[in-house]
Structures are given as C-alpha cells and as structure tokens.
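This document contains two forms of one protein chain, each encoded as structure tokens and listed individually as structure 1 and structure 2.
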Structure 1
Amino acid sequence: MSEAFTTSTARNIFYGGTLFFLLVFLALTYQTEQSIPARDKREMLADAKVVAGKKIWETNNCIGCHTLLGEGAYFAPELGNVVKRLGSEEAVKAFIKSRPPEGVPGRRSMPQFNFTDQQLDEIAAFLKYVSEINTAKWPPNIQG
C-alpha cells in the first residue's frame, strides 16, 4: 500500500463519503416526499366505500393469502392490479361472489365469504383504489 495513504487520508475519505451519502439520502427523501402525494391518489381515501373496503380487507385477513402491492402472503395472486386484470369492478365482485362454498376439490381455492352486495361494492372500490396507485409499474405484469 502506498505510504501516501495515511490515517488522515482515511479519515477524510470516511468523512467525505459519509457527507456525500447523507446528502444523497436527504435528496432522495425530499424527492420521495414531494412525489408521493401525486402518486398514491390519497384523495380517493375520502370515499367511504374505499375505507369500508379496506376494513373488510383487514378484518377478513385477505393479506394472509394475497399480496397487495408486493406485501403479504404469496399463497394467492397479487391483488394490486386485480381490477385491471379482470377488467372491471363488476368482474371482481362476480369472481368473489362465485367462489364455491366447499372450495375446489383437489386444489386450493379462495373461500366463500358470503359478502353482501354492499360489502362487495366496498371491497371492489378498495381494490379499484389500489389499482390506481402509481406503483412505478408494480406488479411487473398484468398477471401479478
């Protein structure tokens, strides 16, 4: 190793590197804080149906099987884009409503929750809200 690399040089590299990466971290944090409100569609959370749908999502532990924007269990499909994948909120409601009470013999299947029409509207509204969040192209394909 070169004799020019002294303890003082190492300390200056450490302090310089620390300062550089601290500034990068602060700049990225600022940029994220500025862009999130435009991307997450938080104004849709004022809709009571979306909030009620989120509550249904949570109380029925849907994330115990599904992922939502990459978070959750990987037992069942990603639901972050399910409204786009199935084509409409009506298709989502029809799919949930059509689940057989006994499941599908020989394979895993989503249980029948016997949601009311209002609850189906609410969960579909929540999933539509989630599908409209700008996730920077997540999930990477329409199949989730």
Structure 2
Amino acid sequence: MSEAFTTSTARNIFYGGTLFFLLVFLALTYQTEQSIPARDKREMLADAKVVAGKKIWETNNCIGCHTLLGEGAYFAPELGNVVKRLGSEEAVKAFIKSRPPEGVPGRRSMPQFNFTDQQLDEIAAFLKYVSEINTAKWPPNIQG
C-alpha cells in the first residue's frame, strides 16, 4: 500500500466508517420498530395463551430440532406454518399428544412431553399467532 495511505489514515477510516454504518443501522432499527406493528400481529399477544405458549416453546427447546420462520435446527419440520399445514390447531395438538414415548424404531421421532390440555392449547395458540405474521410470502409452499 502506498506511503500516502498511513496507518493512522486507515485507523480514522475504520472509526469513521464504523460509526457511520452503526448510526445507519440504528436508524433502520428505529424505522423497523415503527413499521412492524402492521406486520407482526402483536394484537394477538393480548391473549395470555399466546404468551404462555411462547414460554412453553422456549422451555422445551423446540428450536433445538425445528425451525420457526426458517431459524433453528434443521432436524424436524418448519413450524411457522404448521397450523396451516396440518389444517387446524386441533390437528397440531393431536400430533404432539400422539408421540410414542420410546420413539419409532430406526426413525426420528418427537419426544413425548406429556403436556396438559391447557399447555397444548397454549402451544397451539402460539403457533397460530406465528402463522399469522407477515413473512413476505415465505416459505415458498405449504411444506415449509
């Protein structure tokens, strides 16, 4: 690199460039916060079941096998649209309930979590909420 371009020039460009793009990022974050209420179905969070369902989702580490809106592990199906894929919240609950405790020989199987009916309602309400979020038409089809 040329002599005119010194280490202190490089350092100043680093600080200036970083600060500039950090401020742009913060501005875009602000803009995002302003505009997402139209997309994120936050009104559904008024239902305590949805909030409780998210906690069940977290404390059973569902993301350790599944994806949710494409993020998570890639071992088990996408669940952002599972209510639509299986047809109803009832079908989702029936699936979770039906998992054999000892698994399926030779195959991947979801553990049996022994959820109560109320917990199942809460999980289903949470997944229903996620399925309503405007995700720019992702996933490409119902298979997730």
Partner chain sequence: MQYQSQAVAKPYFIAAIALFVAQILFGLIMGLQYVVGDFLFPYIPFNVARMVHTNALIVWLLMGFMGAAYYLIPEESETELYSPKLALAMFWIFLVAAGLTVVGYLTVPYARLAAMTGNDLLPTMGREFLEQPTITKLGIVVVALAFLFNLTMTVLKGRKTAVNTVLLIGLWGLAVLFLFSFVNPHNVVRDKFYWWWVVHLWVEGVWELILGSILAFVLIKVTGVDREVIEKWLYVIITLTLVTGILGTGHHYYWIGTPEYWQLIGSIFSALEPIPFFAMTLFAFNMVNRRRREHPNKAATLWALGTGVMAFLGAGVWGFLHTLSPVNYYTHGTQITAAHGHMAFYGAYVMANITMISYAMPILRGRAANSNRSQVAEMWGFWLMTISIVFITLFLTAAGILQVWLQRVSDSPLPFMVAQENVSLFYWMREWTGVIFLIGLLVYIWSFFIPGEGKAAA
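Basically, rigid core = biggest C-alpha set you can superpose within 1.5 Å across the two forms. Since we're looking at a predicted model, the values are computed, not measured. Numbers follow structure 1, counted from its first residue as 1.
Since only one of the two is the form predicted together with its partner chain, can you say which one? The form predicted together with its partner chain is shown as structure 2.
Of the candidates I56, I36, K49, K84, which marks the hinge of the rigid-body movement between structures 1 and 2? Among I56, I36, K49, K84, only I36 lies at a hinge between structures 1 and 2.
Relative to the larger rigid part, how many degrees does the smaller part rotate between structures 1 and 2? Rigid-part rotation, C-alpha based: 37 degrees.
After superposing on the rigid core, how many Å does the CA of T29 move between structures 1 and 2? A shift of 6.5 Å at the C-alpha.
May I ask for the C-alpha shift of I13 between structures 1 and 2, in Å, based on superposition of the rigid core? Its C-alpha moves by 16.2 Å once the cores are overlaid.
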